[in-house]
Structures are given as structure tokens and as C-alpha cells.
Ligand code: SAH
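As a starting point, one isolated chain is supplied in C-alpha cells, in the form predicted on its own.
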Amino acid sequence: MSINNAEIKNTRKLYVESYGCAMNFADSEIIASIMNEHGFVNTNDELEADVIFLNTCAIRDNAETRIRERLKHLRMNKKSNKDLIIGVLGCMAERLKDKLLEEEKLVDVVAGPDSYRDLPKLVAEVDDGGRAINVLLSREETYGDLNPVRLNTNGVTAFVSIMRGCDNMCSFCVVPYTRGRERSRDAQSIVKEVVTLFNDGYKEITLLGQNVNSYLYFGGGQKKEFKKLTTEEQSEAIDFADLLEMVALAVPTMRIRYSTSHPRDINEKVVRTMVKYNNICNYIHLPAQSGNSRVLDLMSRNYTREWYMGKIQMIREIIPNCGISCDIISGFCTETEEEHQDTITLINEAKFDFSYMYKYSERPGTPAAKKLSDDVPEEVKSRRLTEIIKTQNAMSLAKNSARIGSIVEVLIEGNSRKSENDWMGRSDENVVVVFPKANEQKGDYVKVFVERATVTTLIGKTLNQ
């Protein structure tokens, strides 16, 4: 039986590779959904793919360097498949735009975070002999009407995107330029997606946004300050605490997490909502970036060290056992040794459970790159980062060691990375827990008695062992 061209197109295989933050991994599921609707079939094998998309990150220079090296490797695949189409999507695509098409012909398609609906058309343009680009940013796009295709899922945990973009304009950050302004997704579409995941057997979801606490939906979706809404809009508006409550009530036996929170927008209403519902996990990711107020001002974070610590105190008073993690940058522009030490003392004062810690990486086009001198020598940045990591590791070990002898409830996510004889899961406070297998199944909740602790992990056994 002969196969016409349309049928051949419908047998093409798509391979998506994700880099960077959880938002990118969630976006990859949107990309797969759009492409599946146009006849593309997902594959986990890049060698059998007809279309390869790299969904990229631009937050640091080394992230872009990794992707460029990956593109050079993928170009070799074209020797065995001359019709292979390679696309760079996401933040790096938005930042570099048509420069990517000009670089050694490594890329056929370039698409920014708001252009994914256009991907089938862009692929078709390449089929016709061209190279294709769409990096237009949108003030309305949320992809809220799409049903994401869960890629590389463990069947237990899933991401749900609730908003896109960022309005904070931190001086070091490219996100406002690569993902555009904030816009919030229809609350009912979020609840619907969460309920669907619950009905499909998922046990935990993470609500995602560049700044989830600034979520505000009032019908139009475009974010405004609450005080700038009309009286009618205010009466209909749903803020993040309202959304948390809606989701908690819709799936009362499903764990709920969220990320990321900007310190300026985390508030008592959100924290008290967490206390009100047992299925909302006691964990908050609250990036500080620096422990020094002058550096925070240069970063355009719009708070001081003291104000930030006030937020930590508020959280601890309402949820004493709340897990709190942080983002920290070492060696920001003009940072002195004394200011670096302020970051060290912040870790000890705030008692973060863990942190994501990085050297400052100047990003072209940001206010810091335009107005500030990246004057901290690389070796000084590295040394300061090492000191920050050492301090945080000591704090993480102390906090985990204090849990020895306690009983924690763990949601089993899958095998431990080190042994198929052990399960791995996370506690309510987002601490990794490893324990020997018995009769449990992936997706079960179990009580684990903690016997040992490392910097990153609690190790124990279930109560019936």
C-alpha cells in the first residue's frame, strides 16, 4: 500500500531536550502537546528523531556554552539523517534570536517561549527549504488551554504552570527580556489540570511561575497591582493564596508545592493558607541572592537584609518546621569581602535547609551589564562561592542531623539513584529520604524512621521493617 506525503509527515518523531529551571521542563510538555496535535510522535532516542528541539536556559553563560556544545554534537546526527531538523527554543532563543541561525548553520528553527504554537508552521518552513524564526513575546499567552504531554514522567509528581513572565527587573537577570511581562493563567484551567493529574494517578503537583506569589487573575489575565484594579475586578480577583486554597480543596489527598517566591510578594495570607490545608507542603523556596543590603540594592531586589529576615521570621512563627531554601549569587558587581561575609552570616541566621549557589555571570543586555562593572576577579568569585557552599553544607547537615530519631512521612517517587534496592522520596519539607525496599510501591506514602543523615539526604527505614 502506498503512503502519501501527509501520512509520512504524521510518522515523524520528535525528541525534546530540556535545560535549566522547572519552567523549561514544564514548557517542554507544552511543546510536545502542540507537536503531537500536528502528528509528531515523541521519542526518547535522539538518533531516531526527525525533529530535535533543545528547550534552553540563558540565566548563566555556562548554560549557553553547554547548549552550543550540544548543538555541535547534534550536527553529527545530520550526517546519517540529512532531513533532520534541529531547533533551539526558550530563553536562549529569545536572547540571541537570529544570531543562532547565523552560527555555523547549527540550527534550523529558533522559537521564543511565547511562540510554541507556531512550531508546526516553523518546521514546515524548514521542510520547504528555509530556516525559521519566531521570537515575538506576548502579553496574553499562557498556554492555559493546552493539555501538557508528560515527558519522562515518574507518574507520581508533575509540574503545573500557573503564570508566565516576570515584572521584577532584577539587574542581573535576563528573564524579563526572554519571557516577557507577567500574565496569570485562568484559575479554573489550573484547577482542571490538577484534577486531571489526580485522576491519572499523580500524587503531587508543583505550581510553577517565575514569581508565583504575584499571581493575580481577574478575568483578563494581564497582571496589575490589586489597587489599580477596578472595584468590579477587585471583587472577582483571585490572588495566589486564593488559588492555593482552590487547588487544595479540589484535590484534598494530593500533595501541593509551589515555586518560586519573590520575597517581596510572599505574605502572611499565603503562609496561613499553607497551615490551613494539610495537603499543602511546608516548604518555601525564597531566593535572597545576597546577605548585604547595598548589594541587594544594586541587584534591584527592592528589599534589605533586615526586611528579608523579617519574612523568614514571619514564616518560622506561623510554620515552625517549614523547610526554606534559597538562591545565592557570589561575587556580584563591586561586592566587597565584608559584604560577602554578610551572605555567610545570612545563611547561618536564616538556617536554610539548602541553597542553589552560583558565581555571578554577567548577561548581555541586563541593567547590571549596562551600568555596573563586573569587577570581582573570577578566582575571588570561585573562592567566595566555595565558602558559601561550605557554610550551607554545614547548615544542611546540622538541620538533617537534627531529624535523626524522628519519623517523617515520605511520598515514594522511585528508585534511589545509588541502588535499585532502595526507594527515594521526599518529606513534606522537601528533604530527600532514602530507605530499603519492602512491600511498598512507587506513589505510596510511608512513615520512615530516620537513622542517619548526610548533607542532602535522610536515611532510614519504614516503621514496618
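Start at 1 and count along the sequence shown; that's the residue number. Fair warning: this is a prediction, and the values are worked out from it, not measured in the lab.
Just so it is clear, the following notes concern the form predicted together with S-adenosyl-L-homocysteine (SAH), a form of the same protein that is not shown.
A.B. asks: Determine which one of 304 to 312, 145 to 153, 260 to 268, 188 to 196 lies within 4.5 Å of S-adenosyl-L-homocysteine (SAH) in the predicted bound form, judging by heavy atom distances; exactly one does.
C.D. replies: Among the listed stretches, the partner-contacting one is 260 to 268.
A.B. asks: Residue-level contact is defined here as any heavy atom of the residue lying within 4.5 Å of S-adenosyl-L-homocysteine (SAH) in the predicted bound form; does residue 183 satisfy this criterion?
C.D. replies: Residue 183: no contact with S-adenosyl-L-homocysteine (SAH) in the predicted bound form.
A.B. asks: Would you check, heavy atoms only and a 4.5 Å threshold, whether residue 163 touches S-adenosyl-L-homocysteine (SAH) in the predicted bound form?
C.D. replies: Contact with S-adenosyl-L-homocysteine (SAH), no.
A.B. asks: If you check in the predicted bound form, is residue 159 within 4.5 Å of S-adenosyl-L-homocysteine (SAH), heavy atoms only?
C.D. replies: Contact check for residue 159: no, nothing within 4.5 Å of S-adenosyl-L-homocysteine (SAH) in the predicted bound form.
A.B. asks: Indicate whether residue 287 is a 4.5 Å heavy atom neighbour of S-adenosyl-L-homocysteine (SAH) in the predicted bound form.
C.D. replies: Judged by the heavy-atom cut-off of 4.5 Å, residue 287 is in contact with S-adenosyl-L-homocysteine (SAH) in the predicted bound form.
A.B. asks: Looking at 202, 354, 218, 360, which has any heavy atom no more than 4.5 Å from S-adenosyl-L-homocysteine (SAH) in the predicted bound form?
C.D. replies: Of the candidates 202, 354, 218, 360, 360 is the one lying within 4.5 Å of S-adenosyl-L-homocysteine (SAH) in the predicted bound form.
A.B. asks: S-adenosyl-L-homocysteine (SAH) isn't shown here, but in the predicted bound form which of 242, 103, 327, 125 has a heavy atom within 4.5 Å of it?
C.D. replies: The option sitting close enough to the partner is 327.
A.B. asks: Only counting heavy atoms and a 4.5 Å limit, does any residue of 333 to 349 reach S-adenosyl-L-homocysteine (SAH) in the predicted bound form, and if so which ones?
C.D. replies: Stretch hits: zero.
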